[in-house]
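As a starting point, one isolated chain is supplied in structure tokens, in the form predicted on its own.
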């Protein structure tokens, strides 16, 4: 079954929030269950960042045990490295997916670790943006999709240096085609890439197959100076760059298979995040997205 058929079977998740192991500090940072209780339109689902070695923390466990919708965001797989799909890791991932039934899997399609998968080796770097790097990434996506019987949506990672002769959007368009997959487009990550390469925020999007976009991310970023250069940090704060909103609005109006939007703001208080959630909600409402979603 091809992507066009498979995407129609995916659920409409609506607006959600992300988390990862240890992200919530009671009384200080966003509590997903409280968000859903007080602002159900903003907490329709939870995207859980999973590093198999750590597992799922108590906050994510409460959400999953309540049978609220969730997605599995991997934090520990280099999709383009066949040796990374070792039997131990694969068995644990498949067991978690089978037991807890996430709507789909997704995650940054880059380098999550250098060398063996060990705590001190964990990092996140973008993929090589070359034609030769497309097929290994696509094969990894297909392999994980086959093993888990879930859609696997690659995400464009953040970075301060990108190597390769392809535009980031060209690279991911080729990956989506080769893997016959949808994509998680991170608007904040794309805004960082575009600004670093002196492109307009939406440059390249008109040539990108936006029907492949199943999920969007919005997140805050901060501009810092280092060695005389401005570097944009993907800090998941509540200050969202205008470039990120421009990309979000552009794609939102042109992505017919969009199923979910995540506002990544997990380490901020509920009060600090409400303005961003309201901005996301207003835009999705204006474009009549997620009309079938009932939190």
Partner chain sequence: MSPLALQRMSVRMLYDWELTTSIYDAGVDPILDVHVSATAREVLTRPARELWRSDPYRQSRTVTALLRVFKSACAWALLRTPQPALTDFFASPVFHSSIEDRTSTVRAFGRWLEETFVGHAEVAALARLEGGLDDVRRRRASSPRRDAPRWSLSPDARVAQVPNGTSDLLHATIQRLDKHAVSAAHAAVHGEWEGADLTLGAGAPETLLLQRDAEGGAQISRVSAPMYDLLAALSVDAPLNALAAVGAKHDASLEDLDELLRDLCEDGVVVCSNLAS
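Numbering follows the first chain given and starts at 1. Quantities reported herein were computed from a predicted structural model and do not represent experimental measurements.
Same protein, other form: the form predicted in complex with its partner chain, not shown, and the subject of what follows.
Comparing 144 to 152, 159 to 167, 205 to 213, 90 to 98 against its partner chain in the predicted bound form, the single stretch with non-hydrogen atoms within 4.5 angstroms of it is 159 to 167. For the marked spot (198, 221 and 252), a heavy atom within 4.5 Å of its partner chain in the predicted bound form is absent from each of the three residues.
Shown alone here, residue 173 lies farther than 4.5 Å from its partner chain in the predicted bound form, counting heavy atoms only. Though the partner is left out of this view, residue 37 does not reach within 4.5 Å of its partner chain in the predicted bound form, counting heavy atoms only. Though the partner is left out of this view, residue 140 does not reach within 4.5 Å of its partner chain in the predicted bound form, counting heavy atoms only. In the predicted bound form, its partner chain stays beyond 4.5 Å of every heavy atom belonging to residue 180.
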